[in-house]
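Encoded as C-alpha cells, the following chain is the form predicted on its own, with no partner shown.
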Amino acid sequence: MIYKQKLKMLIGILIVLLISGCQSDISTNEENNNQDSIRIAILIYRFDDEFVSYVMEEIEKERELLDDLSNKQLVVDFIDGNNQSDLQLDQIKDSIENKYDVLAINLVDRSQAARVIDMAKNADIPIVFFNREPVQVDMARWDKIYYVGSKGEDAGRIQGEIIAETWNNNPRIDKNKDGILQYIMIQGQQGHQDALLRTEWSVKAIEANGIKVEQLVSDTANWQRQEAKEKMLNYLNVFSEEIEFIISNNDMMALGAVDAMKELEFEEYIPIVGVDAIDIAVNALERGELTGTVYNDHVKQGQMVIRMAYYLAINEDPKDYIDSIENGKYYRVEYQKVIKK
C-alpha cells in the first residue's frame, strides 16, 4: 500500500512538472510569435467611403512590399468604425489592450483626438492619424503622433480656379446675365477640416479671379452620394432656374447631384466640380456629367500611412526615412487639377 501511494505521488509530481513545462513552452512560443511580428491596427471611420476604400487598398499593397523586406511578419488589421464615434473609441481601447505596436487612425470625430492621444500615450503606442486632421493643439500633446493627408484649402483653391475658368470661357452659364455667379454648396461632414477648408477656399479662389458670387444654398451630405441626391432633388426643384454652378466637397456628393438631375430629366447639366478624382467621377467627367474634379492622391496617402506606422513600430524615426515631413509631424500630399481633355 505504501509503495502504491508513493508511486501515485511520484506520478502526480511528474504530471505537474510536465504541465508546467508545457505551459512554459506555450508562453515562450507566444512571446516569440509576438517578437516575430509587427501588428498595426488601421481604424477607419467607415469602410463604405469610396475615397477611404482607395486608401485602404494602397495600405494593403504597401504592406505586402514592406512585409517582403522586413525580417518580421507585418500584420495589418482594418477595423470599421461605421461612422460611430463611441464605437470607434471602444475599438481604439480594444486595440490598445491587445497591444498593437502602432495605431493608424482615420477619426470618426476629430474632436475626440485628445482623448485618443492620451489613451495611446499612457500605453506608449504611437499614432499615425490620416485623412482627418486633429487640431494643432492636440497634435502637440505627444511626440509620437504623426499625420498624413492633404491641405483642404488647396483642394478648394483648385476647385475655384476650375470654376473661374469655366465661367469666363462660357458666358451662357450666367443664366440671368447679372454678372454674378449663383451657386449651391454641398459640404461633407459637419466639422470636418476638409469640408470647412474646401468650402471656404473654393469661394475665395473664385472671388480672387474677379468674379462676384452669391450662395443660394449650403448644406451637408456627409460625403455620401445618396444623401446628396436626396437633398439636391429638393434644391433643383426650388432653384433650377437660378443655379449656375454646384460646388461639392467631394466626388460622391457631386455624383449625387448628377443623379438628381438625371432623375429630374435635365436636358443640360448644371456645371459641377468635385474633389478626389475617383474612377467613377473621372468617367463622369469624360461623359460631360462633371465639369472638373481635384485629384486627391490616395496612392501616396496609403503608402505613407503604413510606412510611418512601420518605422514607428520598429522604433525608428520616420523623419530619417521619409522626406518632406513638416514640423516634425505632418506629411502633406499634393492635389492636382483634373478637367476633361
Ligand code: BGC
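Numbers for residues come from their place in the sequence shown, where the first is 1. Remember, it's a predicted structure, so these values are computed and weren't measured experimentally.
Another form exists, predicted together with beta-D-glucopyranose (BGC); not displayed. Remarks below refer to it.
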Asp297: touches beta-D-glucopyranose (BGC) in the predicted bound form, heavy atom cutoff 4.5 angstroms: no
Contact label in the predicted bound form: Asp49 to beta-D-glucopyranose (BGC), heavy atom within 4.5 Å: yes
beta-D-glucopyranose (BGC) contact at Trp223 in the predicted bound form, heavy atom, 4.5 Å: yes
Distance check, Arg132 to beta-D-glucopyranose (BGC) in the predicted bound form, heavy atom within 4.5 Å: yes
Single option in Arg157, Lys151, His192, Lys231 placed near beta-D-glucopyranose (BGC) in the predicted bound form, where near means a heavy atom within 4.5 Å: His192
Partner-proximal stretch of 310-318, 281-289, 36-44, 51-59 relative to beta-D-glucopyranose (BGC) in the predicted bound form, 4.5 angstroms, heavy atom: 51-59
Those residues of 267-292 which, in the predicted bound form, come within 4.5 Å of beta-D-glucopyranose (BGC) by heavy atom: Asp276
